[in-house]
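Let's start with one chain on its own, the form predicted alone, as structure tokens.
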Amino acid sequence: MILYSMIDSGNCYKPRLLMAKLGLAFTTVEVSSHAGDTRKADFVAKNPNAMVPLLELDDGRRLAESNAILLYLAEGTRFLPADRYERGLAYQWLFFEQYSHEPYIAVRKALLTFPERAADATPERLAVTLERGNKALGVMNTYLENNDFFAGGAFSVADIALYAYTHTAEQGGFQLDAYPAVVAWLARVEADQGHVPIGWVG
């Protein structure tokens, strides 16, 4: 398999982390949106949405969108709950991550750390992303006060998806120590077998 990926992207980290845990062999191809690589014709021919990650299977078929890749790779493994309700919880948190979490926590980090995004870092946008990102962290904290993981009692793709940008949230100006249940969960995620850091590429 080939994973078209960007080293500093949380969305790209998600499949790399799961593939490491599963012991899957794959090749990483760095495709940087910062350098405009995702908008080049050869890549757009592979993914018309011009975004990474993109997983190319051994038979040449391709799959985009980080959480879709997680679900594909997790099929039949411990990372996707067998119980129907717990599997529904995993889906719930995957949707939450993309709709209520990533657009604020990841985007605020990008606005503050990527030079090409500096023009978009208006006071209004920084305020909105801070407010809504903190709301997402608060929702997570409340849930984690009574649960070790997000989809039942075991580690799953839901935890991978939410970990990817939460563990670097302080780079976006979020104060994680205000969310002690989240901090404790981050430690549990990092203690799960096969964990690798965001810079790992296989």
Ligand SMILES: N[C@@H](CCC(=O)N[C@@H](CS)C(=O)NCC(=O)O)C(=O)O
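Just so it is clear, the model here is predicted, and its values are computed rather than measured. Each residue number is its position in the shown sequence, starting from 1.
Unshown form predicted together with the ligand; subsequent notes refer to it.
A.B. asks: Heavy atoms, 4.5 Å, the ligand in the predicted complex: which of 31-39, 155-163, 134-142, 173-181 makes the cut? Say which one.
C.D. replies: Result for this chain: 31-39.
A.B. asks: Spell out, yes or no, whether the shortest heavy atom distance between E65 and the ligand in the predicted complex is within 4.5 Å.
C.D. replies: Flag for E65 set to yes.
A.B. asks: Considering non-hydrogen atoms and a 4.5 Å limit, does the ligand approach Q98 in the predicted complex?
C.D. replies: Q98: yes, in contact with the ligand in the predicted complex.
A.B. asks: Quick one: is L70 in contact with the ligand in the predicted complex, heavy atoms, 4.5 Å cut-off?
C.D. replies: Flag for L70 set to no.
A.B. asks: Is L55 one of the residues lying within 4.5 Å of the ligand in the predicted complex, judged by heavy atom distances?
C.D. replies: No, L55 stays farther than 4.5 Å from the ligand in the predicted complex.
A.B. asks: Going by the ligand in the predicted complex, which residues of 100-114 come within 4.5 Å of it through any heavy atom?
C.D. replies: Result: E102 alone.
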